[in-house]
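There is one chain below, alone, in structure tokens, taken in the form predicted on its own.
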Amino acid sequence: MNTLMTRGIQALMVAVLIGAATFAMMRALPGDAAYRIAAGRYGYDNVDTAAADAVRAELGLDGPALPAFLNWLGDLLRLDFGHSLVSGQPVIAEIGHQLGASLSLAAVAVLLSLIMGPPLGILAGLRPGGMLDRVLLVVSTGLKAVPQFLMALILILILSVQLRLLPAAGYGAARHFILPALALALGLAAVNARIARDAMARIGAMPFYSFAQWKGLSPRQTLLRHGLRNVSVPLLTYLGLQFVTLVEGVVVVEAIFGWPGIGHALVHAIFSRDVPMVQGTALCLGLGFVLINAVIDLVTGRIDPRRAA
């Protein structure tokens, strides 16, 4: 109950801070906001001064900032995110569609990272200093050092341009998931592998692990009964922290691959000066971080042997 209450207070603070920060940053951007909004509505080739003036008068863009922000907070308390300044559609409806695409991509990326990283990390941790351990250290360090946008471009160049195995962009088929999910998953897998390796090496050196084998359990039984549960605690804890990295990567990777997700929508909303969309999207991402951390806290509390005892 205390955890949920703490996360609820954090969610409220996140909502206010993100709303204020995004509103202030959008107001501080140079250029004519009315012209950008009109361009988002009608296209850059069809925008003139008259269209920009009409948008400015319709939306009251020359009005004071504080009342506009207070109105947004009031709408937020009523769970009303407002309407997009470009499309005119409710922000919550547009975010709901885009969030589904982003969550599906993020889920595939996390699943791939867990399939690739922790098993190798556990095997390396069972024999610290061995060949696999040394190779994993080099490979994971290299993958972690590559920015996700660069990884995306490398994958496109190799698998799409050179080998012609996969489409460079697109959405709607299973093959469209592979490149963007890999671009996100490889860096996450590198970190997951090192966390699993360090946790396994630490647990394998503890007396209770050796005692389990001394009682007659095979190495496989010892790993399944006493190793995996302990390794999963730091791994799941880090998954909550990885959400930040995943969100940053999703914003860039979706733009590169033309993925119609929330990151792609955020980039277009910023260019179009669509303040309600920017506020709603950023708020959704921030609250998602709080929600995932709350879930991680509850799950680790259940599986951690030290807490269970």
Partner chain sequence: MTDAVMIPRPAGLALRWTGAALVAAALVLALIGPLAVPGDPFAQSLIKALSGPEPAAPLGYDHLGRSIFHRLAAALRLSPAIAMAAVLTAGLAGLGLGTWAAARGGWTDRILTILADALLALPGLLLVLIVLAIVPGTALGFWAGLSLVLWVEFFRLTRAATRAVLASPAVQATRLLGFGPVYVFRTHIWPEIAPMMLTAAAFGTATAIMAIAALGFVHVGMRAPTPELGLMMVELLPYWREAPLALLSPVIATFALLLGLTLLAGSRDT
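Residue numbers count along the first chain shown, from 1. This one's a predicted model, so the numbers in the text were calculated from it and none came from an experiment.
What follows is about the form predicted in complex with its partner chain, which we do not show.
You can rule out all but one of 111 to 119, 74 to 82, 190 to 198, 93 to 101: in the model of the complex, only 190 to 198 has residues with a heavy atom within 4.5 Å of its partner chain. Of the residues Ile178, Leu132, Leu159, Leu153, just one reaches its partner chain in the model of the complex with a heavy atom at 4.5 Å or closer; this is Leu153. Among heavy atoms of Ala28, some come within 4.5 Å of its partner chain in the model of the complex.
Among residues of the shown chain, Ala145 is one whose heavy atoms approach its partner chain to within 4.5 Å in the model of the complex. In the model of the complex, its partner chain lies within 4.5 Å of some heavy atom of Arg164. When its partner chain is considered in the model of the complex, Leu266 lines it closely, a heavy atom lying within 4.5 Å. The three marked residues, Val14, Leu17 and Arg273, each reach its partner chain in the model of the complex, with a heavy atom inside 4.5 Å. Of all the residues from 90 to 112, none has a non-hydrogen atom no more than 4.5 Å from its partner chain in the model of the complex.
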